[in-house]
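The chain below stands alone and is given as structure tokens, in the form predicted alone.
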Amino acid sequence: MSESSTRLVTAVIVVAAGSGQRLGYGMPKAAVPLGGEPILMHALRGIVASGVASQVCVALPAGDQGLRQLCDDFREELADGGPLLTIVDGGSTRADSVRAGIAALMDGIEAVLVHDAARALTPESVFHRVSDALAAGAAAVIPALPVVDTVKTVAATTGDDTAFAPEVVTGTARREELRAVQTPQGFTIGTLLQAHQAAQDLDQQQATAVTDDAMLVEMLGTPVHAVRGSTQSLKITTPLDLIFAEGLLEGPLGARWVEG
């Protein structure tokens, strides 16, 4: 689908309520500096630059005034054009934060992209591929990359086997059928609403097992389609991830436009 093709009226919900404990900065992950600017700002600038969003709804840690002020300042930058920027308090889980974002969507939204602020360097082209697939008729779309490592299933060892190692291999997955999933994950508004309404009936164990919005849609039996992701869309979770992201920013062309 070309850039000139008609896209659905789209909102992007940015999940930015994570604590960032594994980064070790003692602050929310979205506020951790990357290339001299908070991680969240890189994510927001990338979304706006992609041009796919009529509204950007940011789910922040409840009560975090620093990140809220950051978003307020960015809203002023967008005053002369660009998407509506909305701020909501995120919840204790990812699903809670997404639901808070859904509740704040403006009238007329036809599609929603759910994006992790931690994937701050996602190229514009990934947003375009997800949005274009939704416009072409898909109800749910995820960006994904082939898995390059051999992936094995394991179980805890028992009896005498515990003397060797804590786990034993139970099988090897077919690598050609595996994909590493990224964000933004895109959905028609009706599909996302239905998925999160159904999620309210999950028990604690089932809810804990859900790791992304696409999984909720899979539970509905709705097909989830995959488009090409990007190696630049790494999720900044550990100090090593942050080093990799800094390296991308310091590249000769700048991170967001190196790879499509």
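So that there is no doubt, residue numbering starts at 1 and follows the sequence shown. As the structure is a computational prediction, the values presented were derived from the model and not from experiment.
Same protein, other form: the form predicted together with cytidine-5'-monophosphate, not shown, and the subject of what follows.
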Subject >> The unique member of T170, S92, T150, T158 whose heavy atoms fall within 4.5 Å of cytidine-5'-monophosphate in the model of the complex >> reply: S92
Original post:
So which of H225, K235, H196, R45 gets a non-hydrogen atom within 4.5 Å of cytidine-5'-monophosphate in the model of the complex?
Top reply: K235
**OP:** Would you mind picking out the stretch of 71-79, 126-134, 102-110, 84-92 that comes within 4.5 angstroms of cytidine-5'-monophosphate in the model of the complex, counting non-hydrogen atoms?
**Re:** 84-92
Original post:
Can you check whether A11 is within 4.5 Å of cytidine-5'-monophosphate in the model of the complex, heavy atom basis?
Top reply: no
Subject >> Partner proximity in the model of the complex: A118 to cytidine-5'-monophosphate, non-hydrogen atom cutoff 4.5 Å >> reply: yes
Original post:
So in the model of the complex, does any heavy atom of T122 sit within 4.5 Å of cytidine-5'-monophosphate?
Top reply: no
Original post:
Is S97 a contact residue for cytidine-5'-monophosphate in the model of the complex, using a 4.5 Å heavy atom cut-off?
Top reply: yes
Original post:
Who in 21-47 is close to cytidine-5'-monophosphate in the model of the complex, meaning a heavy atom within 4.5 Å?
Top reply: R22, K29
